[in-house]
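One protein chain, two forms: both are listed below as C-alpha cells, the first as structure 1 and the second as structure 2.
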Structure 1
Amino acid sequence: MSSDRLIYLPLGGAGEIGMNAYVYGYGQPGKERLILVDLGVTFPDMDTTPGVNLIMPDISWLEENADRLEAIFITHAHEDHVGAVGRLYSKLKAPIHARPFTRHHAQRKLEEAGQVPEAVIAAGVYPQVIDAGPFKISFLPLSHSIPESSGLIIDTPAGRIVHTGDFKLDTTPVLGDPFDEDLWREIAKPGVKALVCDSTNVFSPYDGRSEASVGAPLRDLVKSAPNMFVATTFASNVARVKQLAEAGEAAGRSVCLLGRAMRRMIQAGVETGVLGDFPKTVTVEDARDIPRGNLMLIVTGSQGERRAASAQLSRGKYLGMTLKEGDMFLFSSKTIPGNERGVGRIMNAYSEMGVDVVAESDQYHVSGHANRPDLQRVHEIINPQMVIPMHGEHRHLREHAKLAEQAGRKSLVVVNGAVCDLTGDAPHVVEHVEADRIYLDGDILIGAMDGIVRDRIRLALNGHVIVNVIVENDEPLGEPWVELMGLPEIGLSRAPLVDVLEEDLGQFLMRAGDKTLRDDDKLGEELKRIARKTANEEIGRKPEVTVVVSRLEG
C-alpha cells in the first residue's frame, strides 16, 4: 500500500466570503503534486483596511512550493475568484486553465500586471479532461451569476472530488447551461470521495429562485415608469443585464450602458460568444438627445461604490446625463453586508432629487448561490463520502458541516491554512501553514501584519502630533516646535493646543538632564509621554506622536 495522500488546503475563502484560493495535493507527504483552484481578491473597508486597494491571500506557502504546482484552475470570472491572478501570477508561474469568458478576464488581469496573457489556456467542459500531474480535471458547467461558471471534477488516485465553485441550481438561467440533474448523477456514479461545496446561502431556508423569474417583473416595472428609467446591477451578471436591456427594449426604450465595467462585461460576453442576442445599445452621446421617457440607462455601482456611475449620477451630472424628479432608479441587486451606508447615501441623494428608488426587492433580484434546500439536494445527488464546506465565513462553514452531518455524512470545517487529509474515510486536519492576507497598498504589496495599516487606523482614531526639537552640543536649541494634524486646535484651557504642548515640552527640556538630552531614544520617549499626557488633559485624547530630534554640532 502506498503512503501517498490526498490533501486539501484552503489559502483563502474558508473563513470569509471572498479571496478564494484552494489547493489540492496528491503524493508523498510534503511532496504532493499540487493544483490551485481560483486566486481571488477581497475588498478593503475603512474599519479594518483604510487606504488599501485590494486584499489578496498570502500565498507564500504556495510560492515556496511553486515547483510542485502543476496548474491553476479558475472556476469563474468574479473578482473573488480571479482578481489576484494578475498580481500573484509571477510568484507561481503555472499554466492557468479557464473557460473562454473567464479566460478573457484572467488574460486582462495578466496584461494589466505586465504578464503574458498566453499563460491562460482555454478549457473545454466535461467530458473533456485536463491532465495535471496526478490529477485529471474536467470543468462542470453550472449556473451562478456570471457566464460560464463551473465546478471542477477532480479525479485523483484516491478518488473523485467535486469542487462546486460558486453555484445555484437553476433550470432557467437565461444565459448558459441550465442545471442538468442527469449530468450531475452521471458525475456522481463512479462514487465521489469529497464534495467541496459553496456555503454562502446555507442560512437561507427557502428554495432558490431562477434568474428567469425576474424577467416579467422587470418588464412590468420598466413599462410602468413614466420618465427615464435607470437600473444598476452587478456588471458581471450578464444574464441580468440582458434581462434589463430586454425589458427596456420591450418598453420601446433605447438602452445605454454606463460605467466601464458594464460595457467591458457585455463586450466580453459578445467576444467570447456567451452572449448572442443582446439588444442594440446607444452611446451616451446619443442618449443625451433621446427623450427621457424613451431612455433606459443600465449603470455600474449597485454596491454604492463612490466612483461608479450610480454614485456619480447621485451627485449630479455624469457624462452629460442627469437624473430628474419623476425618474425611476432600480437596484436590481442585493446590498452586500458592509455596503449599506454607501448604498443608503445614494438612495437618499436620489430621494432629494425626487427620483423614485426601487431597492431591496426580491422581485427584481435573485441570488447566485444555492440555498439550504438546494445544498441538501446536491449532497443527495453527489452522495459523497465527505462534505467539505468552503466559500463562507466560519459560521457558514460550520452550519454547512452540521447540515451534512445531520444527513449522516462525514464533514469538517477546514479553515484557511489548515491542511486537510482526505485520503481515509473521514477528513482530518494534519497541519497548519501560514495563510494570512496581503494588501495591495498603492502599488506595493504589504503584509496584513506589517503594522502599516494599523498605524493608519491609529492616526484616524487619535490624530497626529509632531514634535520637533533641536539639540546643539547636548543642549536644547530654542523652543520645541509642535505641529498637529487631525486634532482640535483649542483645548479645555481655551488656549491653542499647540501653545500648551510647546510650553509643557519646553518646560521639560529646560529641566532635562544631560543623560536624557544625550540619548535620542530616551529623549524621544519622554517627549512623547509628555505630549500624550498634555493632550489628554487638554482634549481628552492621547494622540499618536512623532518626535524628530535634530542634533547639531556647534
Structure 2
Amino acid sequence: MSSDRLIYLPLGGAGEIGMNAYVYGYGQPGKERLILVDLGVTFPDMDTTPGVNLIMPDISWLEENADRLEAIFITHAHEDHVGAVGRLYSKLKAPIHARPFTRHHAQRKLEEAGQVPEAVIAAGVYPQVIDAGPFKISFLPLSHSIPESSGLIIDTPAGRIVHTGDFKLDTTPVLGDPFDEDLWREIAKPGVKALVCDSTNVFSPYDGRSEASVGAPLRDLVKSAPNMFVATTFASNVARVKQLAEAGEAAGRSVCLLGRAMRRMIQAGVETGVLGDFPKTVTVEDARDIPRGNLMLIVTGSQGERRAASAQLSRGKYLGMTLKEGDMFLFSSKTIPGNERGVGRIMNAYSEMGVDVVAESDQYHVSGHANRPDLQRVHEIINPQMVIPMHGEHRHLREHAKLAEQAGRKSLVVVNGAVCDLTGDAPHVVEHVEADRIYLDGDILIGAMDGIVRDRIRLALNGHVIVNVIVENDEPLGEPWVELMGLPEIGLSRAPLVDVLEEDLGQFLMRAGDKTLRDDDKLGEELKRIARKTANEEIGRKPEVTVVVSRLEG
C-alpha cells in the first residue's frame, strides 16, 4: 500500500471571503509535489488596518517549499483571486496558468511589480490538460460575475478533485460561459473524490437568477429617468456594464464610463475577444456638453471606495461632472458586508443633493455565486465522495458542510493553515502550518504580527506626545519642551496641555538624581511615565509618548 497522500491546504479564503490561496499536494508526507490555486488579496479598513494598501496571504510556508511547487493556476480575474500575483510571484517563481482574459490581468499585475509577464501562460479549457508533476489539470468553464471564470478538474493518483472556484449556475450569462450540465456530468463520470466548493451564498434559499434577467428592468429604469442617469456596479462585472450601456443606448442617451478600473476592464474584454459589441461611449470632455436628460454615466465605486468616481461625485465635482436635484443614481450591486458605512455615506450625500438613489434591489442585480439549491444541484451532479467547503466565512463553511452531510456525503470544515488529508474515505486534518497575512504598506510588505499597524492604531486611539530634553554634563539644560499630535490643546485645569506637561516634567528634572540623569533609558522611562500620568489627569487619556534626550558634552 502506497504511503503517498493527497492534501488540501488553504492559505487564504477559508473562513473569510477574499484573499484566496489554496494548495494541493501529492506524494510522501512532507515531500508532496504542490500546486497553488489562486493568489488573491483582501482589502483593508480604517478600524483594523489603517494606512494599509492591500492584505495578502502569508505564503511563508509555500515559499520555504517553493522547490516543490509545480505550477500556479488562476481561476478568474477578480482581485481576491489574482490581486497578489504581482507582489508575491518573486517568492514562488512557478509558471502561472490562466485563461486569456484572466491572463491579461495577471500579466499586468506582474508588469506593474517589475516581474516578467511571460510567466503567465494562456490556457485552454477542458478537455485540454496541463501536466504539473503528479497532477493533470483542466480548466472547467463556468459562469460568474466576470468573464472566463473557471473551475479546475484536478486529476491525481488518489482520485479526481473538482475545485469550483467562484461560480453560479447561469444558462444565459450575457457574457462568458453558460452552465453546461452535460459537461459537468461528463467530468463526474470517472468518479470524483472531492468537490472543493464555493460557499458564499449557502444561506440564500432561492434558486439563483440569470444575469440576463436584469436587462429589461435596467432598460425600463433608465428610460424612466427624467434627468441625468448614473449607475455604479463592480467594474469587473463586464456583462453588467454592457447591459447598463445597452440600456442607456436604448433610451437614446450618450454613455460615458468614469473610473480607470471600469475603462480598463472593458478594454481587456475587447482585447481578449470576450467583448465584441460594446455600445459606443463618449469621453468625459464630450459628456460635459451633452444635455443632462440625454446622458448616462457608468461609474466605479459600488462599494463606497473613497477615491472611486461615485464617491468623488458625491463630494461635489469629478472631472467637471456634477449631480443635481432630480438626477437618478443606481447601485446595480450588492453591498459586501463591511462596506455598509462607506456606501451609506455616499447614498446620504446624494440624497442631500436631491438625487434619487436606487439601491439594494434584486431587480437590478444578481449575485455571481451559487445559492443553496444550486449548491445542492452541483453536489448531485458531481456526486463526490466528499465535499470540502471553501470561499466563505466560517459560518458559511459550516453550513455548507452540514448541507453535504445531510445528503450522506463526507464533509469537513478546513480553515486557513489546516493541512487536510483527502487520501482515504473521509477528509481529516493532519497538521497545521502558519497561515497569517501580510500587508502592502506603501511599497513595502510587512507582517501582520510585526507590530507596525498595531502601533499606528495605538497612535490613532491615544494621540502622541513628544518630549524633548537637553542634558549637558549630566545636568538638564533649560526646560523640557513638548509637542502634541492628536490631543486636545486645553485640559481640565483650563491651562494649555503643553504648559501643564512642561511644568510637571520640568519639576521632575529639577529633582532627578545623578544616576537617572546619566542613564538615557531610565530618564526616558521616567519622563514617559510622568507625561502619561499628567495627560491622564488633564484629559482622561494616556497618550503614546516619545522622549528625545539630546546630550551635550562640555
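Each residue is numbered by where it sits in the sequence of structure 1, with counting from 1. Between two forms, the rigid core is the largest collection of C-alphas that superpose within 1.5 Å. Not measured: the values here are computed from a predicted model.
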Would you indicate whether the form predicted on its own is structure 1 or structure 2?
2
Against the rigid core, is the Cα displacement of Glu63 between structures 1 and 2 at least 2 Å?
no
Asp520: CA shift of at least 2 Å between structures 1 and 2 after core fit?
yes
